[in-house]
Structures are given as structure tokens and as C-alpha cells.
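Subsequent text provides C-alpha cells for two forms of one protein chain, presented individually as structure 1 and structure 2.
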Structure 1
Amino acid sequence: MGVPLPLGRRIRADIEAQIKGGHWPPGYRLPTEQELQTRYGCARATVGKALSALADAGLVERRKKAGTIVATPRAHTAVLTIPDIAEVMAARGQAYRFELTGRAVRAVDPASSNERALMAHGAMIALAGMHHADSSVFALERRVISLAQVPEAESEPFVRQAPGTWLLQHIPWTRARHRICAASLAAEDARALGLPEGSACLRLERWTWRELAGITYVEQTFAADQFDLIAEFSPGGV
């Protein structure tokens, strides 16, 4: 309050309000930089910067000679936060426990496309485990970790702390890719979750890299009614 917005931001906010208020519909051609320059009494670079920022945010499209038009959104984008399972449990007020059910050091399986997507060859550690909520099984996890990138993993027990939690806290990463899909439970997984074979489940897969080197791949399986993902978005970064 009291602090006036810098002119550039005010121009941007004004235009954003016109668009979000529906006064300027998709396809509407907005005033040229010259007109805005005159209207606001400022240099062309100032309105240009405001319009470019709106273009970066996806609210408008700019084409030479054609001018600047309100963008027609082609998709909904949202910032999805994929929480650490231990944090989900804490938020729900349930007791959390990770149980390691399998552990092996081996070479990359060239028949597995999920492993190949992470790295071409080398040694890795393969882990399997269950996430418990109170006394029931909440999720299943299968993971491989590159020993070339994370040699410390070989001496880590992963018995009390889930490997995902440990990795997040110890290993820096630069790129991650997530895949979210639904699937039917295979017999073995159904038994572990205490559900009928073929039940619906949500599957979350994540590949993580540091630069070009693959660090880990994980596949988490949740019973259909146990877990969902919520994503919120306001365009323009509000």
C-alpha cells in the first residue's frame, strides 16, 4: 500500500486484468507498442518489456507486423507437487514405516526399457520395498540407483529410511521426468497390497538425472482409493 508499482509492472497488470476479466478475448489484437507508449507516456522499451513478459507467461502472442494478440490457450498447465511419501503420512497424521523387501547389486538389464532410459550400461543397485501407513501397506516401490553416480548407495542399508528420502537429501539432481498412469494390479503386487488381482492402481514413475547421467528410476504403485495428486495453477504466475 502506498508504494506505487513501477510503470512497467503497472502496464503488465493492466493488460492482464483486461484479459482475465474477459474484456479482451482470445484473438483480440491489443494496442501497438506505439499506442501504449503514448497512452502511458513512456519509452517503447518499457511497454515492449511488459508485453514480452506477458508473452513469456503465455497470455499473449506476438508476431511481427501482425501485432500482439491475446493467446488462445491450448492446454492447461499446472505445477504439480509430488510429495515424499513420508511427508504425506505426516500430513495425514498416520504412522509411517518403510520396509525393504529386496536388494541386489547387478548390471543394467538391457531388456528393460526403463533401465535403458536411465543409462546405457554400468552397475546399479536394485531395491524393492513397501511403504506402510499405520499397520497397512500404503504403496509399493521398485527402484534402481546408478552406482556410478551414487557410489554411497552401496553402503546404505535403506532399512529404516526410504531410498527416495535419502536420495533427496543427499544427491543433487538437475532433471526429472514423471509419468502418471493407471494400471491393473499384477498378482504379486495385489498380494502385497492385500487386494484382489486386477484391482485398479495409480502408478507413478520417476526418472532422475544429474546433467546427462541417470541417477535413479523409481516406480511407485498405490491402491486406487489411497492416493491422488492435486495440481493448482493460475496463469501469469499469481
Structure 2
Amino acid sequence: MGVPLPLGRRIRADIEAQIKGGHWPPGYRLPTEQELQTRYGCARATVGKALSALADAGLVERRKKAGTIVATPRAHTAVLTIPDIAEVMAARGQAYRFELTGRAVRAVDPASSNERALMAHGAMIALAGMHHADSSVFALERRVISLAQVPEAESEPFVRQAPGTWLLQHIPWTRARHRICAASLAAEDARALGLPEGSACLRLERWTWRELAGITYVEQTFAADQFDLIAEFSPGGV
């Protein structure tokens, strides 16, 4: 018999099931926070955290005076599988290595909606590093891993393998989300990549979960001309 979910996560799971099951379509107004409090017998803060997590995941919109509305899904042109950087370098015939530049154990940063979207609880290990291709820096990486889900990450040195490679080989996941955006380099990242401050870059973000439990959030930053994202399609795809 499994361990019951904490109440806040159960509220989120129940609402997410209604939305993804099509029972609550885009534009549907959710029960009020007071109604949800009564339904679940909990504090308003518990309901508020669950709704905030759903908003961070893009499933609902919280509007002043109008309440909480099921969001209209954003249009996506493709589902991309972002490969492991070590595999990319091997395919290019370049020498690859990962350099860990920082690590710390801490709680989820409450100011980071990206970390909050994991719905992870307890300690996280925060890692920073650089992916090298031959003699240059190919990408920068910042990552958090839930130690509740991956306790062995705290003792893993991440010297022989980058965190992403290690996670793919050791930790099963059931759901992932990607975000890809253009950005300009802040001073610290620009220095690390050997580029002028403000240079264009490509930023990839990934969240992975096992059922409802968050595993990791990672942000990878590439110089704009260093990485291509390619997706292949066949007729009849959705």
C-alpha cells in the first residue's frame, strides 16, 4: 500500500486529472479557494499553493476577481527529444568533458517558479557546471535534483559523468517538459563562454517527474550559433 500524497499535492493531482481528462475544458472556472478549503478540509494556504503550482505548470490562470480559470493550451509545433550533450559531442567527433564548478545542498528557492514547478519537497542538491567540446566551453548548466527522490545524488561526484547523463542511466522518469527560448548573456555567463556581455544565446530548460514527484530541473545555455534543434516528422502525426 503506497504512502498517501500530502494534501496539497493531492489537490493538485485531482484538479490536473479533471483538466487532462477533458472534464474541465479551457475557460472552465474552478471552484473558489473557499469551496476547495471546505471540500478538502484544509487551510487556505494549502489550496493556494496547489493552485500556484498548477499555474506554474501552465494548466490554469489565476485572475483577480475572476477566480481561477483552466488555461487554453499553447500551440506547440513539435515535441523535441533533446539529446544528451555527451552523445552530441560523440556524434560530432569532438572530445567531451564535464566540469563541475559548484554544488550545494539547499531547499527549493521560493522565488524561482521553475524550481517550484517541480513540486519537490525537502532538500535539493544544486549543481553548476560547464560542458567542454575540445578546448572550448560548449554549454553552461545549472541544475537542481530532489534528494527525496534521488538521495544518491548527494554523494555522486559528477566527475566521470555529467549530471544529465548520470540521471538518464540511473533514475527512471515518467513525464518531462521542455522550454526553449532565446536570451542574451549576462556578464558571468558571457565570460564563461568567452563572448561579449549581451550576446545572443539559446536557453534550454527541462523538468522531469516520476509520477507527481519532481526529480530535476535544469537550465542549459549555449552560444546562439553552437546548437541546432532538429525534429523530423511523418504525415499523420498529431
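Here, rigid core means the biggest group of C-alpha atoms that superpose within 1.5 Å across both forms. Predicted, not measured: the structure shown is a model, and the values here were computed from it. One-based numbering along structure 1's sequence throughout.
Enquirer: Is the form predicted alone shown as structure 1 or as structure 2?
Expert: Answer 2, the form predicted alone.
Enquirer: Following rigid core alignment, is the displacement of the K49 C-alpha between the two structures equal to or greater than 2 angstroms?
Expert: Indeed, K49 is displaced by 2 Å or more.
Enquirer: Rigid core superposed, CA of E205 - does it shift 2 Å or more between the two structures?
Expert: Moves: no, less than 2 Å.
Enquirer: Does superposing the core leave L193 with a CA shift of 2 Å or more between the two structures?
Expert: No: L193 shifts by under 2 Å between the two structures.
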